[in-house]
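Before any questions on how it binds or moves, here is one chain, the form predicted alone, in structure tokens.
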């Protein structure tokens, strides 16, 4: 019998776990769970004889992949998949997948929520500013970016977007102004939301040279990954531009320096929580289980990332 491991140190909601089990049961698969584990050795032992693994932010590196004798597929329930060693998976003929789009609305709502909270000074009773009439730039116009554009337009914002993988018509059909040069996006937008993966081309790409072209009242919103930020450039922006603000659901390594010197100009969530809604939690988990069934039974590798 095909064995599916649900390995989550931060467990899914009960409704998601129940749904994953139901999908596995209907497919004739056995579901085993490793929840709230506290050591890598526990994960290594659990993967030994499984055919498939569902994870959230759990690390599936070469050591874990090599310990899994029967592993055929690992699915990250979420959009990002930098917690999977893709080279190691490929070397062992293991398919790696993500579940794009399942967390998108949760991330888009978080980005807007953080912008509003910072604009209202953490609701401390002082006078703030509004988003209406401001310009929002969307760096990466995928599932999250499209939803963010909808919300932004609903708030009365002007929306620009840049995505090197989409043509102009694909962006403009959503009523968004397409920028074909990344510096043009940053130079025209008071708010820029970054929705790009962390890879060899994007790591450290949000540097001082790019951020410094932002207009007065610049606010950078990062719901993507820590590694895309050049932290030296970020600190220089804070020092040189008293109008610059930074919002992120993943705190930079230099957070203590920012907190000590630039109060009121930043907000960081205590942990990465873009996908931390009941709906996203359930959607991503069920999608992961369905993708495993589709791959094992029919060879469907639609969301393969390696």
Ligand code: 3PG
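Numbering follows the first chain given and starts at 1. This structure is a prediction, so every number in the text was calculated from the model and none was measured.
The same protein also exists as the form predicted together with ligand 3PG; that form is not shown, yet it is the one meant from here on.
Listed residue (52, 68, 247, 275) with a non-hydrogen atom within 4.5 angstroms of ligand 3PG in the predicted bound form: If I apply the 4.5 Å criterion carefully, the residue I get is 275.
Heavy atom within 4.5 Å of ligand 3PG in the predicted bound form - residue from 137, 145, 78, 152: Only one listed residue qualifies here, and that residue is 78.
Contact segment among 31 to 39, 235 to 243, 56 to 64, 258 to 266, judged by heavy atoms lying within 4.5 Å of ligand 3PG in the predicted bound form: Among the candidates, contact is made by 56 to 64.
Residue 195, heavy atom within 4.5 angstroms of ligand 3PG in the predicted bound form: Judged by the heavy-atom cut-off of 4.5 Å, residue 195 is well away from ligand 3PG in the predicted bound form.
Residue 10 within 4.5 Å of ligand 3PG in the predicted bound form, heavy atoms: Yes, contact at 4.5 Å.
is_contact(residue 219, ligand 3PG) in the predicted bound form, heavy atom dist at most 4.5 Å: Output for residue 219 is no: heavy atoms all beyond 4.5 Å of ligand 3PG.
Distance check, residue 225 to ligand 3PG in the predicted bound form, heavy atom within 4.5 Å: Output for residue 225 is yes: heavy atoms within 4.5 Å of ligand 3PG.
In the predicted bound form, residues of 103 to 126 near ligand 3PG [heavy atom within 4.5 Å]: Counting only heavy atoms within 4.5 Å of ligand 3PG in the predicted bound form, the single contacting residue of 103 to 126 is 103.
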